[in-house]
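Given next, in structure tokens, is a single chain: the form predicted on its own.
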């Protein structure tokens, strides 16, 4: 099974939108997601097929926010989400980003960000439009110290 993470190409966008429908995050533009900043998006391909993607938006010289991420339902449980999140965090760390913010509504995803990437809960935001899990009415705002994560990640990688 060949797996590769690559910068998103324009030809990948229809597949990305199909993946967004699986997680009810395809309402773009909407009050929740006015636009997608495609310039910082990547896809993960398995045997040449897009099976996941991730993106982020730079907010300032030292702060960024994750945007969207999804893995095809048929490919979950294979560690592809960890690969995508690690990839985008490495990209932002290389750019000098110190603080990374993520908004999430799925309790299992919130726990995943905390467990695997060291995020902390820092607040809540009321949803403005149906997006993500329809019966959850707010986003949990998560934050991670990207410099600390990058140092810890390098230590773990060196030990492997």
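Positions refer to the first chain, counted from 1. Because the structure is a prediction, the values reported are computed rather than measured.
Keep in mind that the form predicted together with a small molecule is not shown, yet the notes after this line are about it.
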Work out which of 99, 37, 109, 91 lies within 4.5 Å of the small molecule in the predicted complex, going by heavy atoms. 109
Counting only heavy atoms and a 4.5 Å cutoff, which of 115 to 123, 56 to 64, 29 to 37, 91 to 99 contacts the small molecule in the predicted complex? 115 to 123
With a cut-off of 4.5 Å between heavy atoms, is residue 23 one of the residues that contacts the small molecule in the predicted complex? yes
Is residue 69 part of the interface with the small molecule in the predicted complex - any heavy atom within 4.5 Å? yes
Quick check on residue 104: any heavy atom within 4.5 Å of the small molecule in the predicted complex? yes
